[in-house]
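First, one chain by itself: the form predicted on its own, in structure tokens.
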């Protein structure tokens, strides 16, 4: 006995086609256009055009090179800070670490140390401070925001206790290369260091098992722990790397300024965290990309440099940075709920 041929009513076929269109994954182009990184590129292009129209000095290649000094040291710290926030932790003490590392480098320079020893002192101080933060969070179970708020005051306070209101200006010859030297043409050495670190962190976060485990920890530390991931070990290493990057930023900043004082880098923690969150890294962890952080760093550097060319006062720039921090936390939530953008997960 032959089976009867299947028949489909027109309304059923139309409904099935509508369901398939709704559930089908978006195309690659649609994913790019709806990504947070694409929005940052659009904002950067708009800011670049606005600054070039507002000031005749903006498009000079050496002025653009000088603009990178406004954000490079902060961006160096923002890279590991992004990994730390993706892993559902945060470090508020980075500016205090930069100040203490600068003071220790000043003492080493006063003792007659060579330029490379002075630099190693800065890196070592940053690494030690990061390890203290990591130990407080992972061994003594102190919440990260509480522990690092405490060490923020501790590190800068130690700097003031050692140096007081004095300024150290005598550094050995050769030390200035980190903050004032150029690697090739208008490309400064510290910006070249930032680009190299950005490539390294992008590979680690998006192409290695370490990165996949960080996303797993950020999405659910409990599930990650029961999956065999050494959650506390990863967190300790992240705090140590953030401290080491803060030491490197201190080397570049002290070298560029040619002087040491405990009051340097005040308020940088706000700008660094703004840079990370503006780059699409979720403050709740588990979401973010290094490309977004790099674009956010370039955008913030463009904004501050453009405002500087227009002689906008520093207090107004602080208002702009504070407004950006509020906007980048609230706007993505609204746009994501409306289905306009898709947050990055890898």
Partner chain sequence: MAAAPAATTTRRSALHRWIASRDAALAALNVVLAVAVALRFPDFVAPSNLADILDDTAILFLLALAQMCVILTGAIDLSVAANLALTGVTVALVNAAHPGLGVAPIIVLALVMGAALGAFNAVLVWKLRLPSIVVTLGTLAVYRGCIFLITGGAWVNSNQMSDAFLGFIRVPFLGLTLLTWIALAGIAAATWFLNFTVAGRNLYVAGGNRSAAFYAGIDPWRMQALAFVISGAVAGLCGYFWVSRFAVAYVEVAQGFELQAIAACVIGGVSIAGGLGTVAGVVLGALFLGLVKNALPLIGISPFWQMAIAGAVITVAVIVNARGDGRAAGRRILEEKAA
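Numbering follows the first chain given and starts at 1. Because the structure is predicted, anything quoted here is derived from the model rather than measured.
The discussion below concerns the form predicted in complex with its partner chain, not included here.
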Contact flag, residue 88 vs its partner chain in the predicted bound form, heavy atom cut 4.5 Å = yes
Contact flag, residue 313 vs its partner chain in the predicted bound form, heavy atom cut 4.5 Å | yes
Is the gap between residue 283 and its partner chain in the predicted bound form 4.5 Å or less for some heavy atom pair?
-> yes
Partner contact for residue 72 in the predicted bound form: its partner chain, 4.5 angstroms, heavy atom | no
In the predicted bound form, segment of 170-178, 74-82, 267-275, 100-108 with a heavy atom within 4.5 Å of its partner chain = 267-275
Residue among 200, 210, 161, 187 with a heavy atom within 4.5 Å of its partner chain in the predicted bound form | 161
Consider the chain as shown here, without its partner, and state which of 154, 257, 204, 131 has a heavy atom within 4.5 Å of its partner chain in the predicted bound form.
-> 154
Are all three of 34, 196 and 290 close to its partner chain in the predicted bound form, meaning a heavy atom of each within 4.5 Å?
-> no
